[in-house]
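Form predicted alone, single chain, as structure tokens, below.
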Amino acid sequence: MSGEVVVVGVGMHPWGKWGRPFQTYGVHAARAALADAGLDWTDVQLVVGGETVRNGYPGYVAGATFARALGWSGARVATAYAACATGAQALDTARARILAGMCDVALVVGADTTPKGFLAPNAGERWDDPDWLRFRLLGATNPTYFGLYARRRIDLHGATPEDFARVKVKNARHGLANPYARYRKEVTVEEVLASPIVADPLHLLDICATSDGGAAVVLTSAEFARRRGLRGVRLRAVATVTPTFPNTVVDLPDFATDSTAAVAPAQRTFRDSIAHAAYEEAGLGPEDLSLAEVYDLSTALELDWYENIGLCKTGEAERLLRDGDTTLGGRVPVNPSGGLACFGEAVPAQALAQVCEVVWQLQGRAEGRQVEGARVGLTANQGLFGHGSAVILSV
């Protein structure tokens, strides 16, 4: 058994508001990934499903759901839930079983059908649930936090609404060539700033939508891939770290930070630690990146991620954007897929969708949005309740 895991196939269902059962999108993506790998469903020994949930409360047994929809084959199953980091956690579960020598071929699937409007908690009284409390006590929907994060960048680093709008303009241009993107239309800075204010200073076009969609990844041991002559991309790292106490930066869904009166602040913020853990595991650094897919729930949040993944020092993200370093043709293109700006959120699928894009880029298959000479790619996002998510892949 080789000590290395490779991605040999990826597949997606287009994002949109289709109104169909989430299994439909997951099966479509799974079959596409298997076809991409050149493997049959019966070759799969393990299925890991990313759970479709509503704000912290599981609703489906995803691993068995997808296995049943694809046809019972005796494959083992597992189900992962880590909010928006679900796809990365599912990927890590599959990788661990391969590295342990317990299987050679694993299929990881995530899919979602989202309700209209903001994501919100289920009904009921849950006074020990921070997600429920932030709605009950503050009325704080997700865009409320996005607005607070944006205001923090303005106050600390001199960001402007025009800077935020430039992120949307960049990602909209990248997404034009992506056949899986929901929104494929160029916009201008002026159009972003003319769209309605949702959570000051963010406008409607600064904030991602909720969407239906699905994504799937086929992993194998390197030995199996060589034996079958499969073309693979190396899975170098998966980081699923949690925050370190004291957590001094307020983060969704919390509305308070930890005190540093008796304990010194952690060496890194939570988001900084996510990419750092992946770099350490892969033996690589931000200087090695050819591209990155980051979690742009809002345009302002993408700027934070530039700093969190080490593309620049704190406070320099706006300069990076203005200089064109993160656009196609720049030093390290960020969100060449178009990001959530063009896709929207399909929670269990989005971390896997990021992996799909990086694989296509590393294999030179991202037609119309290709990063030339791409050799190393990173994905980064986070989930509610302290779920980290970063994946590094390389040729």
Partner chain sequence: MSAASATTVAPGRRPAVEGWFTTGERPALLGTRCRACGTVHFPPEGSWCRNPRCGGDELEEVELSRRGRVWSYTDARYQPPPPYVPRTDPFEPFALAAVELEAEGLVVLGQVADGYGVDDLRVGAPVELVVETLYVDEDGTERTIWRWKPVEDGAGVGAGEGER
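Numbering follows the first chain given and starts at 1. Because the structure is a prediction, the values reported are computed rather than measured.
Below, we turn to the form predicted in complex with its partner chain, even though it does not appear here.
- Although the partner is absent here, residue 305 is not a contact residue: none of its heavy atoms lies within 4.5 angstroms of its partner chain in the predicted bound form.
- Under a 4.5 angstroms non-hydrogen atom cutoff, its partner chain in the predicted bound form has residue 151 among its neighbouring residues.
- The closest heavy atom approach of residue 121 to its partner chain in the predicted bound form falls within 4.5 Å.
- Interface membership of residue 325, defined by any non-hydrogen atom within 4.5 Å of its partner chain in the predicted bound form, is ruled out.
- Remark: all three candidate residues (136, 245 and 250) come within 4.5 Å of its partner chain in the predicted bound form, counting heavy atoms only.
- Out of the listed residues 200, 190, 287, 281, 200 is the one that sits within 4.5 Å of its partner chain in the predicted bound form by at least one heavy atom.
- 257 is the sole member of 73, 267, 257, 314 with a non-hydrogen atom lying within 4.5 angstroms of its partner chain in the predicted bound form.
- In summary, the region of this chain contacting its partner chain in the predicted bound form, judged by heavy atoms within 4.5 Å and restricted to 161-169, 210-218, 192-200, 93-101, corresponds to 192-200.
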